[in-house]
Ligand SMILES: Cc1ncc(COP(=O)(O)O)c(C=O)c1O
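Consider the single chain below, provided in structure tokens and representing the form predicted on its own.
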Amino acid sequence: MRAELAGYLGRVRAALADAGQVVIMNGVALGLSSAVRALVAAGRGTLAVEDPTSDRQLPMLEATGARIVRIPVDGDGLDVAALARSGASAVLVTPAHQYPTGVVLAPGRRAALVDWARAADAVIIEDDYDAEFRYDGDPVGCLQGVAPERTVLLGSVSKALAPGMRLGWAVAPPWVAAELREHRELSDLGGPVLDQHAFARFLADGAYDRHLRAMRRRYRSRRDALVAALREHVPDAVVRGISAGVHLYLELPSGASEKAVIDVAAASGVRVSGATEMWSEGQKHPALVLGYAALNEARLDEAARILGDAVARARE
């Protein structure tokens, strides 16, 4: 599987890796927490993370012993100038499709981020979030392919196949890969070998590529349906993050309470997630994170109609 992954990531994500740099992990979460622990042990204990970021991820990162600093995200992605002022020795980024805003890291920011890492002797942890599902342009290559000596690339099959498989990987510089392998040896006697053999075959015979092409067509149709429905039913809201992934970021119109919208929508049978808790204090922006992968086009239109009613009622 490591050999097949190295070839696949080189071909599809423009990664620079051989099998020796690939460490199989039980999903991105384990790869991330293990990599941060390795960096803390190596004296790189200040970790920068995007603002906003997943509120589920922060407790896991704090448990590694790292000191967490928040770096703002704007329309071009991570603010690298603010990162340079932070004193961080490592940074966690989602450059292909920032979570939750959906921003794609701009080319100038990508180059500046690599320059920062080299100048500061720092490490980039690249969560290749949503990279498989890009709809409106050419794929964005991973940062690891530009700076393999400075980047730990994390990925998994959770979004593409099934989160319950717990099958992920880290592509890392040799010293980080060695630390990750040692961590696996000391904390776990083995991984899901049968799943790895099956996925390696899936990669080798082209079935994974065919599966992803089919899913991209399906998810693009659902994305288009939801965007159109939101513009009809919630015209005062701003839809962002539509170029990739399986979620949208909906900035609520003025006067609409995030909590009220969530509660009213839930009472009508539509569950949505709020974004406020993903921002640091003083930077909160009322918004919703809307997943669309599991619903067909008709149900997405109905959900958007219910959400529009919820927004109108929350503004009364």
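Quick caveat: nothing in here was measured; it's all calculated off a predicted structure. Just count from 1 along the sequence shown to find any residue number.
From this point on, the text means the form predicted in complex with the named molecule, which you will not see here.
The shortest heavy atom separation between Thr276 and the named molecule in the predicted bound form exceeds 4.5 Å.
With a 4.5 Å cutoff on heavy atoms, Ser243 does not count as touching the named molecule in the predicted bound form; it lies far away. When the named molecule is considered in the predicted bound form, Asp127 lines it closely, a heavy atom lying within 4.5 Å.
The closest heavy atom approach of Gly27 to the named molecule in the predicted bound form falls within 4.5 Å. Here the chain stands alone, but in the predicted bound form its contact with the named molecule, taken as any heavy atom within 4.5 Å, falls in 150 to 158 among 118 to 126, 198 to 206, 150 to 158, 72 to 80. Among the residues Arg134, Arg166, Arg109, His233, the one placing a heavy atom within 4.5 Å of the named molecule in the predicted bound form is Arg166. Against the named molecule in the predicted bound form, the set Tyr219, Ser221 and Asn296 makes no contact: no member has a heavy atom within 4.5 Å. In the predicted bound form, the named molecule lies within 4.5 angstroms of a heavy atom of only one residue of 97 to 111, namely Tyr99.
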